[in-house]
Every structure is written in C-alpha cells, then in structure tokens.
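Here we start with a single chain on its own, the form predicted on its own, put down as structure tokens.
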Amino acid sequence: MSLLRYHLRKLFMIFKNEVLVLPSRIVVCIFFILLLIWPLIFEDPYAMRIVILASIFAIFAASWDLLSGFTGQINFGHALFFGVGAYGAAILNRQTGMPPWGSIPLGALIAVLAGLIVGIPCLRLRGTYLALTTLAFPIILASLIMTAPEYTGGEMGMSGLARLAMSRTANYYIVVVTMLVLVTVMWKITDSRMGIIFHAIREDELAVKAAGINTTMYKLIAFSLSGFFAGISGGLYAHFMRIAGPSTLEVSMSFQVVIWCVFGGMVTIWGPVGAVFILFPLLEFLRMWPEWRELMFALIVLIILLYMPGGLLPWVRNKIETECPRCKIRNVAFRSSCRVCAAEMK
C-alpha cells in the first residue's frame, strides 16, 4: 500500500512540475481527457463520426510533418501512403479474410515499402523537383489500380470491408486511442537524436554529411516512418468507412494534408493535429451553407496564413509562453524570471 502511495505521489509531482507549469501542456492534457470522455458527453453518432475521421486524418497530417516538416523532403504525393495503406488493408481483408487488427499493420508495412520506392529515386532531388516527382506517384498507382479491377475494384473501389468493431463507441475508442499513441510516438521520435538529425538535414544537409552522418539512410528512414504512420491512417479509414477507392489517392488529398500542416504549424507534430481538429469539424459545420462553403473555408485559411505565417498554434503558444534567453526553457508569458535557472525574462 505504501509503495502504491509512493508511486501515486511521484506521478502527481511529475504532473505538477511538468504539465501544470505551462499553458500549452495543460491544453494538451485537457484535449486528451476530452477525447477520452467524448462518448460520455455527446452520444450523437454524427459527432462521434466527425471525431473519428478527424483522428484518422490527424495521424495522416502528423506523418506528413514528420517527413516534410522535419527533414525538408517536401512530399506532394503523400496520398500515396494513405492509399497504399487503405488498399493494402482492404485487399488483405477481402482476399484472405484477415481481421482489421492484422490487415491494418500489414497494409502499413506495404506503405513502408511504397515509402522506400518513392524515397530511393528521390534522394538526389530537392525543393520543387522533389515535390513534383512525388506528386506523380499516387497518379501512377491510381492508373495501375484501374488496370486490375478484379483485385482492386477499379473505379468503384472495394466495399464491404470488415468493421473495426461492432459498435460506434468501440470504433471511436480504437481510432482515438490509436491516434493518441501514434502521435505521441511521432512526437517522441522528433524529440530524440533521430529527430535532431532530421531537423539538421532540413537546415543544412551538406553540414550533416560533413559531420560523418549518413544522410541517405536517415532520409530513407524518414520516408519509411512517414509511410508507416500514413498507412495506418489509411487502413483505419478503409475499415471505418468499409471502402477503399481511388479517392484515397486523389491529388486533393495530398494538398489537403499540406494545408493542415501549414495552417497548424510545421515542424511541431502537434500543430497539424490541432489543425485537423479545427478545420475538419469547421468544414462539416459549413455544410449548412453549401454554396459558400469552399469560399468561407478558403478565406479562413488565407487569413491565418497571411497574419500567422508560422501557423496558428505556434502563434498562440508564443503569445502565452516565452523562452528563457539563457536556458531556452519555456515559461508562462507573465513570469519575470525563468522557472528553472531564475534568469531575468526579457
């Protein structure tokens, strides 16, 4: 009993000293809790559907930021990984009867292979040339899908896939918990030594090579990891919607993820996730004015990009928090001295 009390006290102190000290961490904690208790507050199936799809696309958006934000490998064909994950899970489910818990991870591994196929020929390309080259891959795959309708369903896609779970609430918790875990994993990757190397490659690849680091290997790792997480989101989407079709490979899907990441704030992981949970429900809300829906959405995005070029969420964070000039630890904006080194805040 005393051991349990000790661990609970230790957990409380960690929560108090690491979470409650910054507004952004408190907001993230509230966001996690709200997602977990959402079905207890809102029993409306439509509201749960919106959160489920937002969670799926949040994984997709964070995976793009992991690749393009941190390594600078701008990918305008990210829908390839999403579509490969969706079709891979669908084919495994339909052809072999494999349940979702098996087809989704295997579909994601196929997306990793797709990441390597894209990454290897693109290693020598940068900037516009890389972006345009990656844009071609989902178009090529969409054409290949049309040539094998007996396996892929052709233009109609593959329908009747197995459900993630029999109830909407179970579907909700499977997707949301998966999203929270995977986004946390991606954030930890970017906060590790590997993430530092990714960021260094983005800033100055030549200097990283001069330091003796194999940049080719790390860029392929970035493509593979991004493909895996995007493939998971594609597989979840296919089994939740119970269909995998050419729409998962559309160019608009690739550009949508870029909008989410730029809107929320690149090189953060949490920025794109927040953007999805803002913009996706907003689009659903704007369905009440179908003739103005796209225009209103475009204006909102345009205003944010014009006045907050670094992204909405980093802009908000910088308003409520400041960085210590000495130790670089973030503090609440109204503090006059750093909470760690006690240096004077300017």
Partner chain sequence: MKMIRRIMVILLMCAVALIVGGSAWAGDTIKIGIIGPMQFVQGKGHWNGATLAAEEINAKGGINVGGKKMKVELIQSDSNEFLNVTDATNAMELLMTKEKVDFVLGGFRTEAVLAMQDIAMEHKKIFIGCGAAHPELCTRVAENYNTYKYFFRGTPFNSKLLVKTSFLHLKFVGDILKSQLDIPALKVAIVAEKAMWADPMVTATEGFLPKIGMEVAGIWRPSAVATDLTAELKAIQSSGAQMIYTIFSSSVGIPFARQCGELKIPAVQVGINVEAQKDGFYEATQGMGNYVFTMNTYCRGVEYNDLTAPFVESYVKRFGETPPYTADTYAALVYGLAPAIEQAGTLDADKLVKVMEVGEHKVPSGVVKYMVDEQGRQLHDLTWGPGYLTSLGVQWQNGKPVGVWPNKWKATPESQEVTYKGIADYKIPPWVIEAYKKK
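Owing to the predicted nature of the structure, the values given are computational and were not obtained by experimental measurement. Residue numbers count along the first chain shown, from 1.
What follows is about the form predicted together with its partner chain, which we do not show.
Stretch-level contact analysis of 271 to 279, 161 to 169, 184 to 192, 215 to 223 against its partner chain in the predicted complex, using heavy atoms and a 4.5 Å limit, identifies 161 to 169. The closest non-hydrogen atom of residue 119 lies beyond 4.5 Å of its partner chain in the predicted complex. For the chain shown alone, residue 156 is a contact residue for its partner chain in the predicted complex, at least one non-hydrogen atom being within 4.5 angstroms. With a 4.5 Å cutoff on heavy atoms, residue 256 counts as touching its partner chain in the predicted complex. Interface residue remark: residue 146 is counted as part of the site for its partner chain in the predicted complex, having a heavy atom within 4.5 Å. Contact annotation for the candidate site: 19, 23 and 70 all lie away from its partner chain in the predicted complex (no heavy atom within 4.5 Å). Just one of 92, 74, 241, 266 comes within 4.5 Å of its partner chain in the predicted complex, counting any heavy atom, and that one is 241. Contact with its partner chain in the predicted complex, judged by any heavy atom within 4.5 Å, is made by just one of 229, 237, 137, 198: 237. Contact residues in stretch 40 to 60 (any heavy atom within 4.5 Å of its partner chain, taken in the predicted complex) are 44, 45, 46, 49, 50, 53, 57.
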